Structure formats: structure tokens, C-alpha cells
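Below you'll find only one chain, the form predicted on its own, shown as C-alpha cells.
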């Protein structure tokens, strides 16, 4: 048996590494995608196209607008004279935010009345609109506090010095600079491994069936178990190597700290790859052509990434969808990746995620192998 299995493994490795293009496609795209997604995937929104309309044209209003100009989050591209220009710019997509200061803005502040700043936002992209409004609130709130403090200091400096104040003292753990790359890079590692391993496993078996060599292999002394191991073990090893490569890119290139144990990360990666092998093998049993395998893989990959909590918090999903996420191995692997990378936790904390991936992997491999046997019959 070992001799036949060795022959099957040699045959698979020769087929996989037979030309330079195949070798590049196995390891080049994951690294390139890691670099691209690591920079592109971010929660931060900067340089929001902004237009300003100042009917007050006072020193106070110019001071407020200068804060938006100096902010890295807003890019003031137009200074308008007519309110009708706002609608034209937003309709064309030239600006996302428009700030309008009404006449009498400075006078209202001097008299102690509420001075209004109108914010017009293109909310067709709701996430950008919400974040932009949050930035506006922060800048306007800070301006209001500074103005009140300066006004009180000029009129009653003694009272101003004795007024109590509350200072927010932030203590962020695990990501002190709120760097979104530290959050997204571990998630990209999980997504790339999912797509790579599922696609390789599904296509490899389907290709044998499509070109007619599957029947030729099965009439040889190679047993079904040997055939399955011969088809999955190479992609298991390739998946581990890809995981190592893109993890090194995330750690060395993007500077995401690896605070936990490499051994814990390796255990999580092995369990996750076994889950993906089972899913890829199952896709191969329901597909007769590579085109069908591609469509079936897409049908699995997109929901798995969406329901993993990669970009959208699971707690924000409808309740019945939150229950569906418990069947998603990627959900648990992302917890392992972020726990090991950012928090430095070990098996004493991550054992529920490891157990869940182990159970899901065992179930998927059992179902896939049984289904594969039936399809060969």
C-alpha cells in the first residue's frame, strides 16, 4: 500500500510542478494578493472629497473651515458661492460632503446662541457617509470646546481655571494605533487559504474525471483510500506552504506583530486546511466538469467569507444568519489568527475554536470520502 501511495504522490507532485507556470500559479498569486489586499482592505476613510459654502465669511467661520482643510480626512476641492452648486457636484460624484455655514454664524456664537453648521452628505455609499458625518462631528465638537474655552478665558480667566473638566484617557489593547491593517491582514490570510485549498482540491479530482483518466487510475491496483490520500496530501502540504509564505508577508512586510505561539498558529492552520480539503473533495463529487467545480466553489467561497466576520461584525447580522456562522470554519480560523497575531493567546483560550474546526473537518472529510466512494461506484 505504501508503495502505491508513494507512486500516487509522486505522480501528483510531478503533475503540479511540471512547468514554471504551474509553480508560479501555486505560490505567486497568494503572495501578490496578500500585498494588494493588505493595502486595499482598510476601515479608514481619508481624503473625502468636500465642498464648502461660507455665507458668514467671518474670522470664526474661516477658523472652523481651516480645521477641515488641515484634516487628513477631508479634501476640500471646491469653495462655492451658490447653494445650487452643491447638488450639481454631488450628482456628478465630484464631492461626497458639502459644508454650509449660514450668515450670522460668528454673531450667534458671540451671543451665546447655538450656531448651526449644515452638512450635506452623499449617502449612496452609506458606510462612507456615516464615517464622514462622524469625522465632522468630531471636528465641530472640538472647535466648539476650544471656542467656549477661549471665550471664557477672555471674559473670566479665574473662573475658567477653576472649572472642572473630564478628560478621556484611552487605553487601547492589542492595537494601540488603531491600525486597520493589523485587523485585515490576518483575515486576508484566512480568505486566501480558503480559496486556494478548495479550488486546488476540487479542480484536481474533476480534471481527472473530465479528461477520462479517473477510470484508468481506478482499474489499477490503487485503492480508493490511496487515491483520495494521493489527491489530498499534496494540496495539504501546498496549503501549509502557502500559509507560511503569506504569513511571513503579513508579519515582515506589513509589520503585523506575531505575539503568540507559532505552534498554536500551525495547529489552527492544519485544522482549517483539513476542513477546506473536505469541502473541496465534496465539490469534486458533485461536479462533472471544471466549470461546474468553479461555480460550486464560488457558491461556497463568497458566503463563507461574508459570514466569517472578516469585514462585517457577526453581531450585526440577523439572528438566524448568526447561527449559520457556526457552520463556517473560516469564522473560527479568523479568531485563531487574530488571537495569535494580536492578542498572543494560546490553546487555553482558543481551544473552543480548535475543537470546532476539528469537528467540522472530521465531518466534512467523512461525508466527502463516503460521497466520493459512491460517485466512483
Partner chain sequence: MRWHRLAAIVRKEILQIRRDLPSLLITVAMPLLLMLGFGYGVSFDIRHIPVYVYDRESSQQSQDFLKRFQASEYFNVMKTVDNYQAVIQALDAGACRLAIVIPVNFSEQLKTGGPVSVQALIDATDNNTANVSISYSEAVVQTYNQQIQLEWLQRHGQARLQPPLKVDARTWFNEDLESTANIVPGVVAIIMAVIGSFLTSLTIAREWERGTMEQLVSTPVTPLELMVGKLVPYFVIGLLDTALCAGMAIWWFEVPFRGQWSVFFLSCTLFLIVVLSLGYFVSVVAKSQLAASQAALIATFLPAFLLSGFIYPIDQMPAVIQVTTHLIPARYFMTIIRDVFLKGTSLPLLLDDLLALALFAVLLTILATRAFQKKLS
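Positions refer to the first chain, counted from 1. In this text, the rigid core denotes the largest set of C-alpha atoms whose superposition between the two forms falls within 1.5 Å. Just so it is clear, the structure is predicted and the values come from calculations on it, not from any experiment.
Form predicted in complex with its partner chain: not shown, discussed below.
Heavy atoms of no residue among 76, 247 and 257 are located within 4.5 Å of its partner chain in the predicted bound form.
Within 4.5 Å of some heavy atom of its partner chain in the predicted bound form lies at least one heavy atom of residue 64. At a distance threshold of 4.5 angstroms between non-hydrogen atoms, residue 282 is out of contact with its partner chain in the predicted bound form. Remark: residue 323 does not count among the residues lining its partner chain in the predicted bound form, judged by a heavy atom distance of 4.5 Å or less. At a distance threshold of 4.5 angstroms between non-hydrogen atoms, residue 363 is out of contact with its partner chain in the predicted bound form. For the residues 302, 103, 241, 252, the 4.5 Å heavy atom test against its partner chain in the predicted bound form is passed only by 302.
Shown without its partner, the chain has 33, 36, 37, 39, 40, 41, 42, 43, 44, 45, 46, 49 in segment 31-62 as residues with a non-hydrogen atom within 4.5 angstroms of its partner chain in the predicted bound form.
Core-superposed comparison between the shown form and the other one: the CA of residue 96 exceeds or equals a 2 Å shift. Residue 67 shows a C-alpha shift of 2 Å or greater between the shown form and the other one [criterion: core-superposed Cα displacement of 2 Å]. In the core-superposed comparison between the shown form and the other one, the C-alpha atom of residue 350 has shifted by less than 2 angstroms.
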